[in-house]
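Same chain, two forms, each on its own as structure tokens: structure 1, then structure 2.
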Structure 1
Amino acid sequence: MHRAAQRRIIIPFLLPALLLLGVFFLYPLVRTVDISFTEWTRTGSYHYVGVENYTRVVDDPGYLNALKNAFLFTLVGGCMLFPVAIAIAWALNQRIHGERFFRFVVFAPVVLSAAVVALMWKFVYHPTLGLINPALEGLGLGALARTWLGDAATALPAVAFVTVWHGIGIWVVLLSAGFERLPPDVLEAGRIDGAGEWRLFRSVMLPMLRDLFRILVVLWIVQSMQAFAFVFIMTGGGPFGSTDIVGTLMYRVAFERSEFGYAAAMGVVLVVIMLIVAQLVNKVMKRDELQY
């Protein structure tokens, strides 16, 4: 009787959430695939063109450039992110003074909107009104000054740096939780055997955290492949397409050129590529599970 009463609430409890999910997520998701096989006109009428959009995507130099930039962004950002995040997480676990303050400062940018952070850094990078170039000149390093966001060589790393600056707090929190769950007796044993902190870090902590690293690397890849706000606000994809990524390209194709079908195909290809890459990374980094 109790079970029967419970069964009666299943549908009414689930329905509202499923309804929202259906209308605003599942239906659009299915329709994205459908739209990717059509060609839209500016008036909103459309007709099916089969796989034409997909064959176009594959040879579109603009799309290939966007993909290349997305990978580069992921790679450059990852190289900036992980060493620093691991160092900070390790440092915060050393029971130092002012730990709460440092945790606050490291995490604070995370709670700010990407729009504000991007705008702020756009000005920080500004060649004459910003902070970086005048500071370099002040230090006598004027030769290093450049138009950071206007130079095809530096724009992508500059945007990647801001993305990392904004989000590093999340990764520090997750890594920190990993450090905290390391078994104290193993670390203790290491200390008794005379291992210094560096040795413990390199030979005990890093190997034991490998599973966590694997998850975080996959998360980073998935997340940075869909970066949008920073690139859109700071450079809009320029200069000369050097920061154009799939998100900004899709947005332009859809709303400036009104080619909805083509933009949808770009999105579907991105999802497929992302799933493949995530699987690959997961496999490459997989070792036997550690139990502790």
Structure 2
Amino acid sequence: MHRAAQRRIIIPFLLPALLLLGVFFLYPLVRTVDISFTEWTRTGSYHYVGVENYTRVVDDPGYLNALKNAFLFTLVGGCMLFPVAIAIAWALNQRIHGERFFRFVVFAPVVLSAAVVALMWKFVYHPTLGLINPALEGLGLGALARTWLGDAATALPAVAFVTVWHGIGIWVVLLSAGFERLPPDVLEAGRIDGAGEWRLFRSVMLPMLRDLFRILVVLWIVQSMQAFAFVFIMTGGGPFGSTDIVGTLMYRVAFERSEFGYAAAMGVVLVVIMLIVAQLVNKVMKRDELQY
């Protein structure tokens, strides 16, 4: 009786959220799956072709290359992001002088739009008019100068670096919140026992933040797989498809070739892959929950 009364009270508060979820998530998802079973013409007419689009996706070398690049983008960007974000969050947790200024500097890029950041870094990477190559030559490291976005070996890491630079403030804030949550009595007990700050960081803080790291890794995988704007603006998927990810490939297939059904099938396959990867990461990194 009491629970039934609770449900009657809670349901009206949940309705707006359920309505938004249905309109902006469930309906587009169902509609995309529906479109993935169709073949469209340039006149806007379509007919159902069953699973033909999905069989094309499996055999499409362009899609497999885009998927490989997306995973490389996630791996390279993750290696750039997490060590730096953890180090900055830990340093800011030490109550250093000028903490607020450093927090502002780290978080400032987040408020810029992805398009502005991508265009700005496209200029910075320019081989002759940019800032990196002249700086390297000025430091006597001219041998390292190169066409950063025009070289298949450096284009993907260069774009991944920009994505990390743009969003690292969010990760630092989340990690800082994790460090703030750590019980001070446990850390103080470690210091009384003679542990230095590095030992506390490595042996106490990192293990206690394991659940937070698991969530952040999953979030990074989801975010990096959708890094469409940076890739599209900075390289357009080039050179030679070395930065082509599923998002840019889907855009070309849908809006340049008008194959909306095939593009939708690419998106559905990507969603399934992301769900599987997220579940695997969640399972591998999950440990017994710590209560503190």
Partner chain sequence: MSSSTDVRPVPAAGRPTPPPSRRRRGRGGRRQGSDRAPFRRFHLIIYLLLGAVAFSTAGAFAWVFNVSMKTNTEFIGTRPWTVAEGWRWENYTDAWSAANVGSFFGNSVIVSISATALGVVLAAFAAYPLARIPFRGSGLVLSVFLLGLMVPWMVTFIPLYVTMQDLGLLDSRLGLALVYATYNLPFNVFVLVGFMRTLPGELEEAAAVDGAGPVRTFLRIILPLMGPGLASVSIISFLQNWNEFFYALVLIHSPERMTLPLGLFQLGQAADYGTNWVTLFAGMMITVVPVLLVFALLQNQVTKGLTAGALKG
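Sequence positions of structure 1, starting at 1, serve as the residue numbers. Since we're looking at a predicted model, the values are computed, not measured. The term rigid core refers to the maximal set of C-alpha atoms that superpose within 1.5 Å between the two forms.
Between the two displayed forms of this chain, it is structure 1 that matches the form predicted together with its partner chain. Relative to the superposed core, residue 278 undergoes a Cα shift smaller than 2 Å between structure 1 and structure 2. Overlaying the rigid core between structure 1 and structure 2 leaves the Cα of residue 9 displaced by 10.4 angstrom.
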